[in-house]
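Structure 1 and structure 2 below are two forms of the same protein chain, each written out on its own as structure tokens.
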Structure 1
Amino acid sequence: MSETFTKTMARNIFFGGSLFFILVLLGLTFHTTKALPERDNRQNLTDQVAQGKLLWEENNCLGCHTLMGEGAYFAPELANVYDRFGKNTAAIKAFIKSRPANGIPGRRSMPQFNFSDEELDALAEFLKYVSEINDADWPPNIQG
């Protein structure tokens, strides 16, 4: 048996490895196309949720908070805030409303946005909608 690595051997490894990984890619693609419809949450998407998403973007909540691991790490993760508040949108609205006008001296704190009741409802419904997305148990801990 030869101890040398020939061009034929290298070519066979290349083509064999390429074929293997193409098959893996096709298998994962097929699995994803079968699994995504089962995880779809669009039936719960309402105009109020869309308005809450718009408020989320207009007030740059992602500048401080993370949502499903994306965003800044200055403030807590909000993809699971609905679960942390006991699946209670009223508690979320009360928390947002209770923020002091000038923050808490010496501490980082969420500003008071002075949302109307309609805006608070929309934001709470958006956070509820996000918490119901099947995100494969992300974030891994309930505290965010």
Structure 2
Amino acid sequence: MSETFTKTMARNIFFGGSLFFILVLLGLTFHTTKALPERDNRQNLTDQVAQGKLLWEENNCLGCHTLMGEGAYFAPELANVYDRFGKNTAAIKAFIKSRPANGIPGRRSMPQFNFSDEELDALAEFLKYVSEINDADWPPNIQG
């Protein structure tokens, strides 16, 4: 870098540039939060769904699964599992409920969480609510 370009100039680019883009980010964030009600399916965000989300977190489902493509890559994507299971919450509940406590020999296994029926309902409703968020048509197909 040449002599005419001084350290002070570099410093000013750093402070000025960063500050400018922080402000742009804040503006865009504000706009996004205003636009979200159109997309994030909040009309269906019931207490039951909120309970489902808490169960989702407190059992660390994200430690094996992805949800909208974020999480771990060990087990199937679940943002569209409601669609994959034929829009059938009963099938989701039956799947979670039927996991053998000692796993399936030789196969990647999902734990048996011993959920109550109420908890299973909440989790299934949560997965249904997530599947109805407008996430720009992701994933590309039903396999997730």
Partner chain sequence: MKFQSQSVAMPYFIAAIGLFVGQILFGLIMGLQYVMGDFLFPEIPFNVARMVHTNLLIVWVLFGFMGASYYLIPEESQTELFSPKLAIAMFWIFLVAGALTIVGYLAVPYATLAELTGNKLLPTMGREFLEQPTITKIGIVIVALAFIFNVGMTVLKGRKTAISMVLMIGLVGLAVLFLFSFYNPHNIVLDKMFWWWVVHLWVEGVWELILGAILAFVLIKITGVDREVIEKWLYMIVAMALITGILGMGHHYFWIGTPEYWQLIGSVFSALEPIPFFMMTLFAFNMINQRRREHPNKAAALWAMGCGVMAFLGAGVWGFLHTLSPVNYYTHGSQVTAAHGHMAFYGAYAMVVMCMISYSMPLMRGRIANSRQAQVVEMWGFWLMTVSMVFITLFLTGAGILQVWLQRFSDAPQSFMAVQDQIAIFYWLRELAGVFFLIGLGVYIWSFFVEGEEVTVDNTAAPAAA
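Numbering for residues begins at 1 and runs along the sequence of structure 1. Note that the coordinates shown come from a computational prediction; the quantities given were computed from them, not determined experimentally. Basically, rigid core = biggest C-alpha set you can superpose within 1.5 Å across the two forms.
One chain, two forms displayed separately, with the form predicted in complex with the partner chain being the second of them, structure 2. For the two-part rigid motion between the two structures, L78 is not grouped with K34, each C-alpha going to the part with the better superposition fit. Domain rotation between the two structures: smaller rigid part turned by 53 degrees relative to the larger, from C-alpha superpositions. Relative displacement of the F30 Cα between the two structures on rigid core alignment is 10.8 Å.
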